[in-house]
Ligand code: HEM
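First, one chain by itself in structure tokens, the form predicted alone.
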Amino acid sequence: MASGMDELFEEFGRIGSMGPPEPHALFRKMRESGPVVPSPVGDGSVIALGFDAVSEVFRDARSYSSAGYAKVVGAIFGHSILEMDPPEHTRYRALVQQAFSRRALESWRDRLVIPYAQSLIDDFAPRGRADLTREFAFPFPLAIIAGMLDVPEADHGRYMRWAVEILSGQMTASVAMNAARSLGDYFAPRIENARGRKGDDLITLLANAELDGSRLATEEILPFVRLLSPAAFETTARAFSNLMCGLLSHPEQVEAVARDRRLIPQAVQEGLRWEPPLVAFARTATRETELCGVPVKAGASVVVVVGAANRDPARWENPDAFDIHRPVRSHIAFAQGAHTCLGMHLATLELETALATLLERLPDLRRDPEAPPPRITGGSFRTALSLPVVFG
């Protein structure tokens, strides 16, 4: 990875590092008091930890609003889908999801996902060893989203920098704001130039999406592009690193997937369940209600902890274990309801393709015995920031 990418990777590692570095023990202790508990802040807010409780919040957009994201996230990204509630959210999502059609996914798979996976492996395969997080998981989805947005190769470096830096708001607001402005300045004329044209890149698809004669204004598309630029790479990068950490920590499971590639989809889903890249989301109660029997006041903050919900012992046996052979049950890593992740199918495609390509290209893939065991860390975003492997 070039020196500029090394610098971006270090920034990527710092993002989301705040909070308890090993939160699952804390979640288990909190859940002893029930699936919904009062926040230790003592301001009337509550924390949803159980699978059913988290699912209920996600599915009830009338009682639990996403508008609270406007205060912090909206100040950087603009008014994005993240902070919208129905009916505004319904109309906006119906327009932007047109860009994520099956046809578009197939085009991106053949034109971007497979070639980038192969190209990155070409760089380190001759060495017989690599750091999979730094050399593959991080640059892989970052290059794909640049390609989806039809960013020319000559601009990849600065685009990738903006995509990483816009996430820095929790630590350096000025850096994030500058990245947001740069993304807006870069993509606004491209959106206008794409009007009325045909193409399978994301900018053209968004610029020409139509619903009942309505189209998205440039000012509506830009916040989505700002949000998508980091979200489409960061969560996928972290999810793949976590998946490989789980697999490589269980050599017999790596061998099972290598023998039978039909296990790849369930391995990917188990990785997402076991260590989702984003630990929690926030909602605000719009009315006085109850959540799993716990009173919730109108205006109260509700923290929905997907990292805890995905390890709810009421839903999964031995939930802290990584086990690709466990009975398949739906997890909640991509949220649920109105705000189910728009890029869910793209992320799944990238994760499955990446795993299949690594197993095909790198025989006897295993942890580097000379390196410390990999460790997933992070309070709000979870990642194994170093994943040394050997092969061949």
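Each residue number is its position in the shown sequence, starting from 1. These numbers were taken from a predicted model, which means no experiment stands behind them.
There is another form of the same protein, the form predicted together with protoporphyrin IX containing FE (HEM); it is not shown, and what comes next is about it.
Though protoporphyrin IX containing FE (HEM) is absent from this view, in the predicted bound form it lies within 4.5 Å of a heavy atom of just one residue from 82, 95, 205, 294, which is 82. The listed set 303, 300, 209, 227 contains one residue whose heavy atoms approach protoporphyrin IX containing FE (HEM) in the predicted bound form to within 4.5 Å, identified as 227. Every residue of the trio 89, 235 and 272 has some heavy atom no more than 4.5 Å from protoporphyrin IX containing FE (HEM) in the predicted bound form.
In the predicted bound form, at least one heavy atom of residue 333 sits within 4.5 Å of a heavy atom of protoporphyrin IX containing FE (HEM). Contact annotation for residue 283: at least one heavy atom lies within 4.5 Å of protoporphyrin IX containing FE (HEM) in the predicted bound form. In the predicted bound form, protoporphyrin IX containing FE (HEM) lies within 4.5 Å of some heavy atom of residue 339. Taking the partner from the other structure, protoporphyrin IX containing FE (HEM) in the predicted bound form has no heavy atom within 4.5 Å of any heavy atom of residue 324. Partner proximity in the predicted bound form, defined as non-hydrogen atoms within 4.5 angstroms of protoporphyrin IX containing FE (HEM), places exactly one of 149-157, 251-259, 212-220, 74-82 at the interface: 74-82.
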